[in-house]
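So this first bit is one chain, no partners, the form predicted on its own, shown in C-alpha cells.
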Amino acid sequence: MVAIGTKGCSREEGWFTDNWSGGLRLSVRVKRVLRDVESAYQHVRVLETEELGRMLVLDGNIQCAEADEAAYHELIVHPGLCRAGAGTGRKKNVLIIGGGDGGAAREALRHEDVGRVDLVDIDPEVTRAARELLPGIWRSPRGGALHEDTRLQIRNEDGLRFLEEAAEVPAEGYDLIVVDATDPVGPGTILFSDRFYEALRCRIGEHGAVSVQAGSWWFLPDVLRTAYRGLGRVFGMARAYHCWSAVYPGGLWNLVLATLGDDPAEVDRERAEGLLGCRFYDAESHRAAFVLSPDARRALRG
C-alpha cells in the first residue's frame, strides 16, 4: 500500500476522506495511488478505489469517479443540446471550460451533429492525468481515446481569457458552453462573476445555451444562488436543475442552464431519445431534472 498522506485523508491507512462539511465526511478505501503531484495550480491525485473505480481528486476534493461520473456529465451536457429551443440544421459548436477529466467532452461528442468541441482547462496536469490514467472517462463515443476524435481541440489556458481574447472562437458562436469548474474559491471565484457571465453571453450563438455546475441547495446554497441569479440577470432565462452523484455531498448536485429566452426544461424528445449509450439521460429524465423539491426552491429564493 502506498501512503496517501494526511491532507484530506482519514487517519486509518488505506482510506481517503473528502470533508463534505464540518460534521460530515465521505471515506473510500484506496487500493493504489496512481498519481500524486503538485501542479502550478493545485494538488492533483488519481486514486484507484475498491468501490468506485479510479477517482480524480483535486486539492483534497473528489472531482469524479469512474463508477458514477456519467450521471453528472450526461446531465451537464445533454439538456443544453436536447432542449426544444436548441435549433437544428447545422453542425454545432460546444465549448467546455474546466472539465479536464474529459467526461463532458465525451458526452458532447456523443451528438453526431456536433462538429467541434473546444476543451479549455487551465491545468495541463489534469488533462494529462485523465489521458494517461482515466481511460474509462477519457474515451470517444466513436471508439478510441478522447484526444483521437478529430472534432476535439484541447487548450490548457485560462477560461475567461479564452472567452475574452481568443481569435479561434467560431464566428457563429457556440451552441452550448459547459462550465464544469470548481466551486468559487481561490482562482475559481472569477467563474461565478458577472464579468464571466457577460463573457459567456458574448460567445453563444442565436440558439445557444450555457450550463454550469452550481453546488448543492443543501450544502452550498450560496453557490447555487450566485449562479442562478447571475446567469438570470445576464441571459434572461435560467433554470436550476439537479443530477445524481455518489461522490458529491448529499447525493444530489445542482446545475443551472441559461438560455436567451426558451425554457430549458422543454425537451426535443426525438433528439433526446436518439442519443446512444447514455445511462442516466433520456427525455423523461430531462423533464424530471428540472422538478425541484419545495425546500430546494426555497433555498434558491434564499
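Residue indices: 1-based, along the sequence shown. Because the structure is predicted, anything quoted here is derived from the model rather than measured.
The discussion below concerns the form predicted in complex with ligand SAM, not included here.
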property	result
Partner-contacting position among Val117, Leu191, Leu81, Leu75 - heavy atom within 4.5 Å of ligand SAM in the model of the complex	Leu191
Sole residue of Leu152, Ala209, Leu163, Ile97 within 4.5 Å of ligand SAM in the model of the complex, by heavy atom	Ile97
Which of 120 to 128, 105 to 113, 140 to 148, 167 to 175 sits within 4.5 Å of ligand SAM in the model of the complex, heavy atom basis	120 to 128
Output flag, Trp218, Pro221 and Phe280 jointly within 4.5 Å of ligand SAM in the model of the complex, heavy atom basis	no
Contact of Glu198 with ligand SAM in the model of the complex (heavy atom, 4.5 Å)	no
Interface membership of Leu56, ligand SAM in the model of the complex, 4.5 Å heavy atom rule	yes
Residue contact check: Thr182 to ligand SAM in the model of the complex, 4.5 Å heavy atom	yes
Heavy atom of Gln213 within 4.5 Å of ligand SAM in the model of the complex	yes
